[in-house]
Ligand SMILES: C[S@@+](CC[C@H](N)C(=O)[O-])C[C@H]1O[C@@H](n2cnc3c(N)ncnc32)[C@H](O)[C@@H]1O
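In the form predicted alone, a lone chain appears below as structure tokens.
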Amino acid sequence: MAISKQDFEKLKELVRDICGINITDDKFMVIERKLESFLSIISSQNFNEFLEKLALPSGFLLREKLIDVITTNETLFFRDVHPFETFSTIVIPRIEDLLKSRTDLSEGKFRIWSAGSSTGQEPYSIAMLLNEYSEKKKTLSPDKIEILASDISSSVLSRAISGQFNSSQIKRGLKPYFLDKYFQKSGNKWVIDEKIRNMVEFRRINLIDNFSILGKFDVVLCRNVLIYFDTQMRKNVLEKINRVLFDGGFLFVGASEIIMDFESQFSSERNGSTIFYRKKLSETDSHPAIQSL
């Protein structure tokens, strides 16, 4: 079933309204192939019929399936390596020092958010690093750590929650040390250790929605997500992320993603190949210890 250019424009507008993803014109043929198969599965004869089904009470489930079709859930353990080295050697000690200066018990936990976590490799990588740090330093106890992982796709979240990975996924980015220590073979799957799995809370979150209810975070990882948004949507998402970061909190984005027009809110730092960002302190910052880090 061929998709007309007019239908493609309708689709782009629809997807942007649903999840903020900006489908560019060069993706026409790829999307057409995906959508053709999708429409046949849901027994729609044409695109207009598909739009009508989206408007039905059951349209929410259909919209979720559409998102699954058009999104790219590319991920791997310790993706790009160097950002995780920076997180382990620089960010964790800085945040631990910051926690010591907090007098409010409600702010006494190390909170990390992996936004756009897909099938879970990123938050599980973070959990393993934090567990390693906790075992080595004996100063950051697991009960002081909260890791939130979110995605817009319920199907990939279900796979992430299971903590099960096939051999192909395991071979991508996971060093033998972490495999031997944190995974067990079960049939043709590798299952992550229950302790690591319990460190991560998975939740469906649409980044175009208001997520202030999540509270404040010390670190937000929004890596290789912003590239799918247009300029205005990226700005909107970054502004909301800024609001949920503690003063002095850290933001990691993808290597090809550059934060523009946010110099007044974030300062950039470099550690080797990694460029990461830090929310600037407000004039009324109540944690002066962070200023000397």
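Please read all numbers here as calculations on a predicted model, not as lab measurements. Numbering starts at 1 and runs along the sequence shown.
One more form of this protein exists, namely the form predicted in complex with the ligand; it is left out here, but the text below deals with it.
- Annotated contact segment (heavy atom within 4.5 Å of the ligand in the predicted complex): 116 to 124, selected among 134 to 142, 116 to 124, 86 to 94, 187 to 195.
- Only one of Phe262, Phe50, Phe250, Tyr228 lies close to the ligand in the predicted complex, with a heavy atom inside 4.5 Å, and it is Tyr228.
- In the predicted complex, no heavy atom of Val200 sits within 4.5 Å of the ligand.
- At a distance threshold of 4.5 angstroms between non-hydrogen atoms, Val220 is out of contact with the ligand in the predicted complex.
- Heavy atoms of Ser101 never reach within 4.5 Å of the ligand in the predicted complex, leaving it off the interface.
- Although the partner is absent here, Leu11 is not a contact residue: none of its heavy atoms lies within 4.5 angstroms of the ligand in the predicted complex.
- Contact annotation for 50 to 75: residues with any non-hydrogen atom within 4.5 angstroms of the ligand in the predicted complex are Thr71, Thr72, Asn73, Glu74, Thr75, listed in sequence order.
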